[in-house]
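Just the one chain here, the form predicted alone, laid out as structure tokens.
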Amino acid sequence: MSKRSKPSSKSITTFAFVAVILLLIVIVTDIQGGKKAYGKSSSAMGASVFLTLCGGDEKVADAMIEAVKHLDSDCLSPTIQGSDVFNLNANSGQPLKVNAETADVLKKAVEISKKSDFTLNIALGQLIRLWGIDGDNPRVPSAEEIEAALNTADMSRIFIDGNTASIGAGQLIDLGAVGKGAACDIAAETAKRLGVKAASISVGGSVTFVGQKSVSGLKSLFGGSELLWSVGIRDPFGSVNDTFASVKVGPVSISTSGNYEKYFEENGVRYHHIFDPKTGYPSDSGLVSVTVFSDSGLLSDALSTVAFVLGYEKSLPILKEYSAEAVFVFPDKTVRVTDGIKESITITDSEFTLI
């Protein structure tokens, strides 16, 4: 038996968007007519946080980072004692008062879960703990163990009423599929409130671009005078700084889910961290990665997971439902994209083929 644990995405994402951020600094400088942009990095949610601000300073950046850290330590962390999610898991079956931000994230996650036929399932905490892919000793559980864990993952047992929430007795919730996107959202809201004209925000594998103008729909993000940013899409077969394509966008949120992020190998089989809630095993939809573009960080984060689990054909209706765009990468390095992004993507690595 051979077993190897891939370095956690918590370490991988420290460098995953460095090349992109350096490019963004140049772009933001151009937007300001040669004025230097302000950049700052920190860490939260077990990941690196990168900010590049146009029309902001250290105080603004600090406020944005503080907002992200509040969302982590006070609201969504399953491991920080005293956070809302930690408390809900420790007191499953009991209604608890939670922060407004927590209630909002839970409501949105439940809505997306229902619309995706529960492909997004935030009640998989027992299953995630069972596999242990985030830890030092991942393993393949028995079929009986998986069935028992799935029996606790009924999303209908999660209730939110105002700022009161409860989960089913014995349940564990995990918001890893939406948390970093939600962190981008709260940082972007803080930036706009404090007068930032343009910014890039990266929390782990989720990125949000704040632009100079307000846009009403995603289509305007892929053409015309709104274009502000050029972003590289990670090569899922390469190292952390390798990209295979670039996309020009306006204000938008971007998240990627892939089988290369966190995994272990046993007897020659790779087991990654994105689970199919219907089987309890890592998803096997025929994809290597999916990158989703949306007007919400939480939504792009959630939909990248949903699309990865459902696969290309089955995910198209829900992407359309939320006016989101996506880039799908297959094991043979072929690439498919949704219609709204076709004119904006450029394949930069000749090993990949857009079909």
Partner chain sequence: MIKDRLTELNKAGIKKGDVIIALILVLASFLALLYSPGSSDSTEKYAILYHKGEEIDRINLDSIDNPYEKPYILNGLKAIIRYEKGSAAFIYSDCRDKLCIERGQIKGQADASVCLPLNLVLIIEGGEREKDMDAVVY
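Positions refer to the first chain, counted from 1. Bear in mind that the values here come from a model prediction, so they are computed numbers and not experimental data.
Separately, the form predicted together with the partner chain exists; it is not shown, and the next lines address it.
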*So, Ser230, Arg234 and Thr291: all three within 4.5 Å of the partner chain in the model of the complex by heavy atoms, or not?*
yes
*Only one of Gly125, Pro277, Gly205, Gly176 comes within 4.5 Å of the partner chain in the model of the complex by heavy atoms, so just point that one out.*
Gly205
*Tell me the stretch among 184-192, 113-121, 156-164, 253-261 that has any heavy atom within 4.5 angstroms of the partner chain in the model of the complex.*
253-261
*Verify the contact flag for Asn87: yes if a non-hydrogen atom of it lies within 4.5 Å of a non-hydrogen atom of the partner chain in the model of the complex, no if not.*
no
*Does Lys40 reach the partner chain in the model of the complex if we count a contact as any heavy atom within 4.5 Å?*
yes
*4.5 Å heavy atom contact, Thr243 and the partner chain in the model of the complex*: yes
_Please tell me whether any heavy atom belonging to Ser48 falls inside 4.5 Å of a heavy atom of the partner chain, as the geometry stands in the model of the complex._
yes
*What residues of 100-121, in sequence order, lie within 4.5 Å of the partner chain in the model of the complex by heavy atom?*
none
